[in-house]
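Have a look below at one chain only, the form predicted on its own, in structure tokens format.
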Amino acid sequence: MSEATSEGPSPDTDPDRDPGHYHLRLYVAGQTAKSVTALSNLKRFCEEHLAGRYDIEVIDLIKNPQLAAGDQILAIPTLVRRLPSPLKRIIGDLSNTDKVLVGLDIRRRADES
């Protein structure tokens, strides 16, 4: 797992201009089972609910522990929604889709009811 990776749209697009764009930062500590599960669940969730409207940055706190202070990370794995505002945090392996949807303020599409 790299210390910072991006997934989603190309860097040519400016996510700050699109209010529907999600910038997500996942804090992990190495390749633990929970960290790997959280990243896998996050990728699946984003493709299902935010296709083409997200980027993921993975921060490995084993390699960069100082980065935990910026987003006030107290537990791992933690997902931080940086954009759109306001900032939101979800702790855990992101296996409960309903909790992730509520935590990120995303409404289910009508065809998923």
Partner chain sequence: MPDQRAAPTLPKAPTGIEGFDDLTYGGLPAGRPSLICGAAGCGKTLFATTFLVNGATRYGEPGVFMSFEERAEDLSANVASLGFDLDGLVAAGQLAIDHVRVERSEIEETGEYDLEGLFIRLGFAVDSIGAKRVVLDTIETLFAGFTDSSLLRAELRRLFGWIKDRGLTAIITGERGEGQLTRQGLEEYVSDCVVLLDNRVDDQITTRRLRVVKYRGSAHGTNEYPFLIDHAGISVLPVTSAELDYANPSGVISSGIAGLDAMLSPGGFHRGSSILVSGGAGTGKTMLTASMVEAACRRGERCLVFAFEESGAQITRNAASIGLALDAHARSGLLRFEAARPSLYGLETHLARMHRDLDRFRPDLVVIDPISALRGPSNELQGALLRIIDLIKTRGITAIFTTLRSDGSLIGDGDLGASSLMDAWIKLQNMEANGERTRTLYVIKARGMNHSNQIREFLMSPNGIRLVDAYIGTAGVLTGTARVVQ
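Positions refer to the first chain, counted from 1. Because the structure is predicted, anything quoted here is derived from the model rather than measured.
Omitted here: the form predicted in complex with its partner chain. The next part is about that form.
This chain is drawn without its partner chain; in the predicted bound form, the residue among Cys46, Ile76, Leu39, Ile56 with a heavy atom within 4.5 Å of it is Ile76. At the 4.5 Å threshold, heavy atoms of Pro84 stay clear of its partner chain in the predicted bound form, well away from it.
Its partner chain is not shown here, and in the predicted bound form it never comes within 4.5 Å of any heavy atom of Gln31. Using a 4.5 angstroms limit between non-hydrogen atoms, Leu24 is distant from its partner chain in the predicted bound form. A residue is said to contact a partner when one of its heavy atoms sits within 4.5 Å of a partner heavy atom; Ala69 meets this definition for its partner chain in the predicted bound form. The single residue of 37 to 61 lying near its partner chain in the predicted bound form is Leu61, the criterion being any heavy atom within 4.5 Å.
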